[in-house]
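Here you get one chain, nothing else, as structure tokens; it is the form predicted on its own.
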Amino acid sequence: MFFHIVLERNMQLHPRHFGRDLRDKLVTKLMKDVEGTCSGRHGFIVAITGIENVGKGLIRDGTGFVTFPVKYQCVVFRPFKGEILEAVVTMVNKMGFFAEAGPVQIFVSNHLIPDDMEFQTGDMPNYTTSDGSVKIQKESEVRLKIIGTRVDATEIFCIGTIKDDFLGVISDPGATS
């Protein structure tokens, strides 16, 4: 799920940033450009934890910009098949529901929801057990298992299930305590 890895990136810097705080400007630009992005190969970059090396700059002909190779350490989030996650439900419809676990969006089909839960329409669509004791609706927290992932160049999509032992609703915002 979370990994600490070393990545490398070429950073272009404008000549106006040259001076005593050149390294600080590079690190600030790197954090702004990289944190919160998704690389299909490595996952979502959560945070940069350190800079290992800033190489010698190479002047770009005709522009004045300088390209610096920067090697940095970062924490990445990459979900895998078979992993158990806790997520917040964002949308419920008759086909299933969507949930988010950090930056990852997970779809749970109605075929992967326990058989005793049925879809209820209304102003707040939800899946409810026959006795009404458990309800999955928007803002509910669920524990689910990832059964499939699809990786794009800039995004990761997941399919999940709650049709297994110890999976399902953790907290229901509609329940009165």
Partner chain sequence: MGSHEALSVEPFKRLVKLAARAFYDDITTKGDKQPKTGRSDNRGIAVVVLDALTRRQWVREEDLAKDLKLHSKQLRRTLRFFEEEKLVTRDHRKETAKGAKIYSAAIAATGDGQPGGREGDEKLKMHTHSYCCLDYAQIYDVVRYRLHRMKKMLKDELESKNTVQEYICPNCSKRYTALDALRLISPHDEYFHCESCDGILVAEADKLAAQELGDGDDSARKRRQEKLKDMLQNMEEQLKPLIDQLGRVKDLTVPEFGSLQAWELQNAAGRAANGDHGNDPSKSSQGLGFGGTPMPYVGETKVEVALSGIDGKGENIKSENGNAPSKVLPPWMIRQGMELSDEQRGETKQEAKMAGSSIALESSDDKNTTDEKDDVKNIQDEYVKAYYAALLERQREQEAHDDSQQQMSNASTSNGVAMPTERQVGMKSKLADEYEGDDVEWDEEPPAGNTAKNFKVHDLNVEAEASDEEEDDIDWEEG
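Positions refer to the first chain, counted from 1. Values in this document were obtained by computation on a predicted structure and should not be read as measured data.
The next section is about a form of this same protein that is not shown, the form predicted together with its partner chain.
Interface residue remark: G57 is not counted as part of the site for its partner chain in the predicted bound form, having no heavy atom within 4.5 Å.
Taking the partner from elsewhere, F107 is found to have a heavy atom lying within 4.5 Å of its partner chain in the predicted bound form. Although the partner is absent from this view, F119 contacts its partner chain in the predicted bound form, with a non-hydrogen atom inside 4.5 angstroms. Contact annotation for M95: at least one heavy atom lies within 4.5 Å of its partner chain in the predicted bound form. Only one of 64-72, 148-156, 24-32, 47-55 places residue heavy atoms within 4.5 angstroms of its partner chain in the predicted bound form, namely 148-156.
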